[in-house]
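The data below hold one chain only, encoded as structure tokens and taken in the form predicted alone.
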Amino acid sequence: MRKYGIKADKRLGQHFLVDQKPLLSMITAAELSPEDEVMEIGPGLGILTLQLCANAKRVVTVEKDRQLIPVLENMTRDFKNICILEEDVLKLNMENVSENLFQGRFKVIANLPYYITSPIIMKIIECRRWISLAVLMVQREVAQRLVAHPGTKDYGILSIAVQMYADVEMVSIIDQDSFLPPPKVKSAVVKIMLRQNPRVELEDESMFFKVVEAAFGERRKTLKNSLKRRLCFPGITSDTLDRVLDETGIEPMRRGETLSIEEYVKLTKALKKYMID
């Protein structure tokens, strides 16, 4: 950082990893082989990038911060298997990247900026056609939400959205002093093993997530009240909701955070029968 006159940019949520131990846990969790192709998001100063280049067939790094590009180019100058993209990953067309820079499905490994963690995770989920696995370093609280079970305080929309399309496991907890500058909170490494098909068969994905969002819209309210206040489907009245909850055997006085993915699918299917096209 002194050599290149670089300071961490707060606007980009930069906390540069300076500890080797978390890197090794990420590399191990990713189960990298010499035939693997990898996308790294937010390579920063390239400490993880070097490990990826040494262990994978091909590495594509996506870095938004222009001041870091010369550093990455210099750090990786001895490797021929790297491509550095100066891009915003949220605007990146993954299909084009897959077709032009990779030979098949690739893995994503990244130390994610805290302020855009959830959007990046959702983009990875949406692009599961091209991505086989993701190993991510995220804020510990986000990691807890990703692995949360129904009935716990961390269980929410993100938990359901990710667990519907992936198996998730917590790999390790990382202390603040592993970064420069140190963040105010601990981090965690999570492993997301993507599924091509949803965990439970969905008839209408859009409706399913609208039901989930309505149920979590007011966490302190009962499921019945949250749905009545927030669901806006043609043909679905208050009486219809009562009937559907009775048909599915879901107790109206439960709260949204106690329902499993399977129960939300059952609820959505039952509601769909009463919708007016």
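Numbering starts at 1 and follows the sequence shown. All figures in this text were calculated on a predicted structure; none of them were measured in a lab.
What follows is about the form predicted together with a small molecule, which we do not show.
Engineer: The small molecule isn't shown here, but in the model of the complex, which of 55 to 63, 213 to 221, 246 to 254, 232 to 240 has heavy atoms within 4.5 Å of it?
Structural biologist: Checking each option against the 4.5 Å cut-off leaves 55 to 63.
Engineer: Answer with one of 135, 121, 112, 160: the residue that has a non-hydrogen atom within 4.5 Å of the small molecule in the model of the complex.
Structural biologist: Flagged contact: 112.
Engineer: Name the residue from 175, 205, 126, 88 that puts a heavy atom within 4.5 Å of the small molecule in the model of the complex.
Structural biologist: Answer to the contact question: 88.
Engineer: Using the partner position in the model of the complex, report whether residue 17 sits within 4.5 Å of the small molecule, counting heavy atoms only.
Structural biologist: Contact check for residue 17: yes, within 4.5 Å of the small molecule in the model of the complex.
Engineer: Please determine whether residue 116 contacts the small molecule in the model of the complex, using a 4.5 Å cut-off between heavy atoms.
Structural biologist: Result yes; residue 116 sits at the interface with the small molecule in the model of the complex.
Engineer: How about residue 30 - does it come within 4.5 Å of the small molecule in the model of the complex, if we only consider non-hydrogen atoms?
Structural biologist: No.
Engineer: Whether residue 36 contacts the small molecule in the model of the complex should be assessed with a 4.5 Å heavy atom distance threshold; does it?
Structural biologist: Result no; residue 36 lies far from the small molecule in the model of the complex.
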